[in-house]
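Starting off, we have a lone chain in the form predicted on its own, written out as structure tokens.
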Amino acid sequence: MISKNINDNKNRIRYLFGNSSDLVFHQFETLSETGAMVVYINGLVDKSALNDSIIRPLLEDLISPYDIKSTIYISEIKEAKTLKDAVDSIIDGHVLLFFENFDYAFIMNICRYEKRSIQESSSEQVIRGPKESFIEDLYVNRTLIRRKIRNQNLIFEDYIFGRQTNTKVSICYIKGIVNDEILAELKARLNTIDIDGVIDSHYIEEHIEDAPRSLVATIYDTEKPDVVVGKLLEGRIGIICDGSPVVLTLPRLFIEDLMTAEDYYLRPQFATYLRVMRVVAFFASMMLIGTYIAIATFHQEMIPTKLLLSIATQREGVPLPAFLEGVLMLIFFEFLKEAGLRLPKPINTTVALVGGLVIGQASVDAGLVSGFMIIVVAASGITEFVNLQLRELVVLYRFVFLFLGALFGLYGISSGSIILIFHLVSIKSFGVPFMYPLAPYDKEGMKDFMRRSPLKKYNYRPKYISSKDARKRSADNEE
């Protein structure tokens, strides 16, 4: 309980916070000659609003502590009946106001702290379409979504995770469109989370995903508000984590990894062409090196004579077999990528150029690797960046197909492909088949699969994802 004595409350709060240096206590006497004290954490409140809207009115205008709500210039005022409520409000960045002889305190929200401004996403850049991206503030991110869905059916529900961090997490969905069974399943999984701290949305993802041991992610992530809004309109659910610029959406389908937000801002024919290119890039990034090694080692008869002679000429004098040559070049390529990502921006480009051009050319000149292998590895590396959402899957399965091609030839590549397809078909995301609408096949869903149909052709939301009332357009407007 909150004591009626201000000094008792001060000592108890100071003890609970371990006498932390950023905890501020300011005691003063109001116009009504009543002792008062404000408590807040330095750096989390707007000091200008604190001085002008709270302390000054109390000093100059307050006739009675019972007139507090009509005296200060703060619209959001709540009462804290217990010390726990008071401490929680301070941690959230609110100002706590105590009056002498009052067994409760007033909570006032004037939270303000430094945060990153809304900028263009660095990982999901588009030429046409909205450029803004999420930031590390939960309330700003919710506002970005609310600005695009001006509808009372847009619902946010809040959770607190992390015994030490007490991180706020919001789930968002559109009532009437969301599938209630998926929503109930998500809430059940969220309620089982017991973790010491949540720093990023990935902490939540790891606890609720369907196939944690698989390299295939069953929860989508994005930094763009328009992507989240588009998925909410299809019946999906978003998860926003305070402190993270990445918002999760679920359920996830495989085809989502081969789409971009810009697909819906371009001509349907060109968007379809881009999707086909991404599919080709996906398979090339995983299987190109393994297929080359398989053909060069076991199936030379499949290579045209002139090309075979060219490859043989380049490999003349190379001391390593094609398998080890490919492994070494792939590992070196991964080193270059990690160095480019972790180094400061002014020098990462230089390191990539020096590593890729100088060392690569020197390796060919020294006879350590063949020029054709350099081309194959480079092509595989470039196609990897076409589908960044599938990067983890591509990088590791590339080595798998390399080993299969080196050991069993094209039979190994074919067997690995079949196993991968069976694995993808077997996965579900919150009860939704991962390979929908291909498996199970859905004619309506295929309108937004490899082929991007005109928007006026989308009469229904994706089956299994949205509620039973999945119609997007009225029957009179269907074409």
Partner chain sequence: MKNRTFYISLILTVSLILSSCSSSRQIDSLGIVITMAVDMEDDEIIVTSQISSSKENASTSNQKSAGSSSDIKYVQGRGKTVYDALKNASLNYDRELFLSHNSIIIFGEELAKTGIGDIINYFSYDIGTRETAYLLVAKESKAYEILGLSYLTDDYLLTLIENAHLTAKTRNMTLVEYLRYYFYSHGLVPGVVQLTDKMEIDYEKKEKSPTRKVLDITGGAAFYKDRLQGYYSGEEMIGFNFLIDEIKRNPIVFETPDELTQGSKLFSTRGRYTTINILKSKTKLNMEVRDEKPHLIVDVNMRGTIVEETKGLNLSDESVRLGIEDACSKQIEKYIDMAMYKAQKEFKIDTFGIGIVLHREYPEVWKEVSKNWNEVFSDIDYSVNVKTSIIRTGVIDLPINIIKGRE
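Positions refer to the first chain, counted from 1. No experiment lies behind these values; they were computed from the predicted model shown.
Form predicted together with the partner chain: not shown, discussed below.
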**Message:** Let me test this: is every residue among Thr305, Gln314 and Pro321 within 4.5 Å of the partner chain in the predicted bound form, going by heavy atom positions?
**Reply:** yes
**Prompt:** Hey, of 410-418, 450-458, 28-36, 56-64, which bit sits against the partner chain in the predicted bound form at 4.5 Å between non-hydrogen atoms?
**Reply:** 410-418
**Fill in**
Among Thr82, Ser75, Gln125, Gln300, just one has a heavy atom within 4.5 Å of the partner chain in the predicted bound form, namely Gln300
**Asked** Ok, Val227, Ala296, Val198, Val95: which has a heavy atom sitting within 4.5 Å of the partner chain in the predicted bound form?
**Response** Ala296
**Message:** I'd like to check something about Leu309: if you look in the predicted bound form, is any of its heavy atoms closer than or equal to 4.5 Å to a heavy atom of the partner chain?
**Reply:** yes
**Prompt:** Might Tyr441 be said to contact the partner chain in the predicted bound form, defining contact as any heavy atom within 4.5 Å?
**Reply:** no
